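A lone chain, given as structure tokens: the form predicted alone.
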């Protein structure tokens, strides 16, 4: 073999080694980086936790078309598995997109309070869960979902499993706390009068405002207990007056930075081991 061929072979070997090293470092960083994304799905909630190849959803909006379109912007095309789906309560604007999600992705676990609904959205969801052989688990306060890397989701409310025919779905809505490093996020579903339901609530950094900014939630008392620095309102075009001017005023009076999916689009927080916290990314 000539000296030139030996030299070329050596360069190819070095280049391949560098490529493998870069790929390993990229995969490692990808698997450790966590994103929390409040998807812009109109008047509804859909929050995606993505950590490498692992994904968790809290709620899925009203429209499957909107949910899948938004999800496609944030997941690589080869990842067709959603590890966990959490339904805060069975209202259509929180679970309406899940049947379509189950038709497009393999969903491993479905977590909910036990409360059900006779609406078409819930009937379709339940049928899709059975057809896809998804594990169905009922959860309440004390349940913890740990991400493979850093971070966990702790269920603060409801205090116990709910009956299937719950009288009022909003009052049984799941409240979940996400902890990553020094960052605390609280997801309140559609829970009204949170200060009554959660008398021992601890402070957080980022609040997902309850019920799309309804005036029956996010009281001054609740904000004084939470002391959030930022608040995200998942909201779209609606006839209810969401978000309520009263809620916006209360947030502004507490100097809380407000982010809205209807005006800001998908709202993304990036959580990294280097920072040991989550920061607004877009």
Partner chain sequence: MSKDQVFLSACLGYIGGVFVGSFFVPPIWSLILGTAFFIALLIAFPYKKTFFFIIPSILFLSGVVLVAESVDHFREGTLYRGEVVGTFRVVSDPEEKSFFKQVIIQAQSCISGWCPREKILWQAPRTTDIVIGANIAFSCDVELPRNFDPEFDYRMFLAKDNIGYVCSKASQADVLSEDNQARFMRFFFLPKRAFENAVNKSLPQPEAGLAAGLIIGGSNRLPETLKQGFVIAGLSHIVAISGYNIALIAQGFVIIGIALGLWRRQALWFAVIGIILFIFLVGAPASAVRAGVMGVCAFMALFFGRVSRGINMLLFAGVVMLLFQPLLLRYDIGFQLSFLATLAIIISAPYIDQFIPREFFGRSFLEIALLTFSVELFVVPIIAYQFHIFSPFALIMNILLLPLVPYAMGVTFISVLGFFILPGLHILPASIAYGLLRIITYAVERLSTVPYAVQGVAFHPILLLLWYAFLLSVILLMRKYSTHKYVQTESVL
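Since we're looking at a predicted model, the values are computed, not measured. Numbering follows the first chain given and starts at 1.
Beyond the structure shown, there is the form predicted together with its partner chain, which is absent from this document and is the topic of what follows.
Exercise. Is residue 103 close enough to touch its partner chain in the model of the complex, meaning at least one heavy atom pair within 4.5 Å?
Worked result: Output for residue 103 is yes: heavy atoms within 4.5 Å of its partner chain.
Problem set entry | 4.5 angstroms heavy atom contact with its partner chain in the model of the complex for residue 181 | Contact check for residue 181: no, nothing within 4.5 Å of its partner chain in the model of the complex.
Problem set entry | its partner chain contact in the model of the complex: residue 66, any heavy atom under 4.5 Å | Yes - in the model of the complex, heavy atoms of residue 66 and its partner chain come within 4.5 Å of each other.
For this session: Answer yes if any heavy atom of residue 120 is within 4.5 Å of a heavy atom of its partner chain in the model of the complex; otherwise answer no.
Result: Residue-level check for residue 120: yes, a contact with its partner chain.
Exercise. Can you pick the stretch from 137 to 145, 81 to 89, 152 to 160, 103 to 111 whose heavy atoms fall within 4.5 Å of its partner chain in the model of the complex?
Worked result: Every other range fails; the passing one is 103 to 111.
Problem set entry | Contact assignment for its partner chain in the model of the complex, among 204, 124, 197, 166, heavy atom within 4.5 Å | The option sitting close enough to the partner is 124.
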